[in-house]
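Next comes just one chain, in structure tokens: the form predicted alone.
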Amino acid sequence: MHQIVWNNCLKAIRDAIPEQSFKTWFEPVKPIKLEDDVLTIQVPNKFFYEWIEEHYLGILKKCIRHEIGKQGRLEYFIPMENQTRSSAGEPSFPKPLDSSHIVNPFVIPGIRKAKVESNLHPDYRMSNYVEGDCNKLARAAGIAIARKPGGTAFNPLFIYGAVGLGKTHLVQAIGNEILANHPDKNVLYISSEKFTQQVIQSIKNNAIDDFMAFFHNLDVLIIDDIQFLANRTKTQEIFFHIFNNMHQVGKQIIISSDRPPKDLQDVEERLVSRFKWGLSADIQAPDFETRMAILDAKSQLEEIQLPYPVLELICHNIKESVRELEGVLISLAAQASLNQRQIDVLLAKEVIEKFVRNYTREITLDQIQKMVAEHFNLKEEYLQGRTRKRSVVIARQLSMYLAKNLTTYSLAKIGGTFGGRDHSTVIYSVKTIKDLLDTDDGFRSTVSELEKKIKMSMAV
């Protein structure tokens, strides 16, 4: 019964919120039981509970009361902590451990806490880290940690995603935000490669104890690209002890990786299990709008003037990597400076071709007119003329339809190219072609063939 009730709730929630938000916050949730008009759902961690309560409580209450009745209530179960919270009334939590009674096996008498060089890049800030559906969970967790490092449910914070999506920017931005909020905190950012080198050096110098003692000075440890600890048994062992010690006394640990904990290869299971203790948040490839916002922010930071058509062209072709967006921006600025050229669409196309193997040139209105005219064995000027001959009218309307679907030109621009017609003519033409596509299979095949030819003709 609890499954049916929750499934009905999910249907209503899916219709009321964006699809990406639904996937992020509700797909991981599982119904557990329904007793005495109380539906209990399992959430991955405390952060999920807090986020859902803050952002979706209204719709949840509405759904629960619709499915169970006015007396219906919702409770949350957090499995790792074995805690239950209710959406109504005061929650009850077991008392936390008093960290002052935990014996630290690594403390060395006489070692005083000293300020540590953070290794953080000052340009990596939350203020210039653009939020989108692709990174919302990771960024929100980072902001919460920056307010209260070591005092949230997501310790460690494990951020993962493909190469070039901004993981390093985010983890360093969290570190800089922590220092801005808590100047007295000792924060260290280090790559796993650098960590390994330091382990090797300390072993050579018989200084492992001193090396590990250094980490007792930290309040926050940020380690980047943890996957590179694979097959490094001694380094993993030392990191395991450092992790345990910091976690036991409430110090914050932030980790990045190119894959989730469960997919880490040749990393000890005891480490992998600890990576799962807190929150694992993925960063995905940004959508078009987020890429536009990222590139615009980067160009402003670098003081590079990007015309909107250039911005749009770059983001249309660079889809998988924020790092590639930055690379195109830097190359574009360099080419403009060295060759004394303006940054325009033509220069942007030249630069993009070097970055994207399957780069597709922008489809032009002239190209569409030319190929439609060839297909119908007409002169191109007929498509811009005033003749009402049916074969010409259909070809002209189809050209406008293809221009609307295959280019980013405005309706006014499209209409103007076809003999100075206005946008209402384009709208009418598009509707006429859509009606034909719905009723004429042969015409639908013709249009599909033309679309393929036009796209192929513009490929480099």
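Don't overthink the numbering: it's just position in the shown sequence, from 1. Source: prediction; values computed, not measured.
Just so you know, the form predicted in complex with adenosine-5'-diphosphate (ADP) exists too; it's not on screen, but the next bit is about it.
Participant: Is Ile253 one of the residues lying within 4.5 Å of adenosine-5'-diphosphate (ADP) in the model of the complex, judged by heavy atom distances?
Facilitator: Because no heavy atom of Ile253 falls inside 4.5 Å of adenosine-5'-diphosphate (ADP) in the model of the complex, the answer is no.
Participant: Would you check, heavy atoms only and a 4.5 Å threshold, whether Tyr129 touches adenosine-5'-diphosphate (ADP) in the model of the complex?
Facilitator: Yes, Tyr129 is a contact residue.
Participant: Report whether the minimum heavy atom distance between Phe158 and adenosine-5'-diphosphate (ADP) in the model of the complex is within 4.5 Å.
Facilitator: Contact check for Phe158: no, nothing within 4.5 Å of adenosine-5'-diphosphate (ADP) in the model of the complex.
Participant: Residue-level question: is His247 within 4.5 Å of adenosine-5'-diphosphate (ADP) in the model of the complex, judged on heavy atoms?
Facilitator: No, no contact at 4.5 Å.
Participant: Select from the listed residues Leu137, Leu165, Leu120, Leu313 the one whose heavy atoms reach within 4.5 Å of adenosine-5'-diphosphate (ADP) in the model of the complex.
Facilitator: None of the other options qualify; the answer is Leu165.
Participant: Taking adenosine-5'-diphosphate (ADP) in the model of the complex as the reference, which of His241, Arg323, His216, Lys276 has a non-hydrogen atom within 4.5 Å?
Facilitator: None of the others qualify; the residue that does is Arg323.
Participant: Between adenosine-5'-diphosphate (ADP) and Ala12, Lys61 and Arg65, in the model of the complex, does every residue show a non-hydrogen atom at 4.5 Å or closer?
Facilitator: Not one of the three qualifies.
Participant: Go through 386-394, 261-269, 199-207, 166-174 and give me the stretch that gets within 4.5 Å of adenosine-5'-diphosphate (ADP) in the model of the complex, heavy atoms only.
Facilitator: In short, 166-174.
Participant: What residues, if any, in 280-313 have a non-hydrogen atom within 4.5 angstroms of adenosine-5'-diphosphate (ADP) in the model of the complex?
Facilitator: Ile294, Lys298, in sequence order.
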